[in-house]
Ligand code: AOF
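This document opens with one chain alone, in structure tokens, the form predicted on its own.
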């Protein structure tokens, strides 16, 4: 199962909207096949582990093998396993996909295959959190990220924010960008920094670029903004009331424009998250600024937080990492669960889970 988890980890984020799954076939005490899910539309992990006419043995898989359902484009893995004469299947997690959810295991058992569920469940659930959240709730998994000083400032009063944290912290952020499905920022961040919002781990452009999502209810983003260029795609979320000519100019520049309603505080984020789910987005790396992160936290949309903290104090009227309203009492502050603290060069990375959702480990 550890080898299957490693195979799954190796394709994390590259298979959306499908889950990243790993599978290992063992026969006679020897590994004879290893597979991981291919990008959307390609073979699943089980099929890859069984490739080459492998028969019999025990198959270890990080997620329940899929069952038949209408519209399925690949052979159901449960059927492929039965056809290959596999005698035993060890499953880490039951699939959260409503069209499967136990049916794969049921088909295997009905065919006489011995099935064990639960080996490696906690590790598989942690690895598949974005997929599980989206399948259980219909909304993507949101990771809130900010780089701040010790007093919680992400920019000076004049707007300067480069660079608060060092190279090691920035490299870690690019590693995260390289696997998520989307990066989300507000128009204020796009205007202040004119970022490209590309994933560049190790200083090289990643082959797979996340969808860039910009919140711009007031129609401020320039059609010449860097983030509208290649590589990758850009989606701009705006309001019905924004200027039609501006929307047309963005579309001409290559952006996809999505109109959302106002919910009193700004664009309806739940509506936007639903629209991103329909586009196959499982995971979002939300980079701010403070107003966007504040709205995400206040709406209960954040599942995980990554705070890169520099050993510096800015003071004054610098821009807060999370705003604008916040809580009235210290006791009401959002606290992270399962926290970790990591030293990155001179900076600290504090991260952990938040929100009401947690994966169900069966």
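Residue numbers count along the first chain shown, from 1. Bear in mind that the values here come from a model prediction, so they are computed numbers and not experimental data.
If you look for the form predicted in complex with this ligand, you will not find it shown, but the lines that follow are about it.
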Please tell me whether the candidate spot formed by 65, 74 and 97 is one where all three residues come within 4.5 Å of this ligand in the model of the complex (heavy atoms).
yes
In contact with this ligand in the model of the complex (heavy atoms, 4.5 Å), from 115-123, 97-105, 166-174, 272-280, is stretch 97-105
Would residue 131 count as touching this ligand in the model of the complex under a 4.5 Å heavy atom rule?
yes
At 4.5 Å between heavy atoms, is residue 354 in contact with this ligand in the model of the complex?
no
Any chance residue 45 has a heavy atom within 4.5 Å of this ligand in the model of the complex?
yes
With a 4.5 Å heavy atom cut-off, would you call residue 135 a contact of this ligand in the model of the complex?
yes
Across 11-32, which residues bring a heavy atom to within 4.5 Å of this ligand in the model of the complex?
18, 19, 21
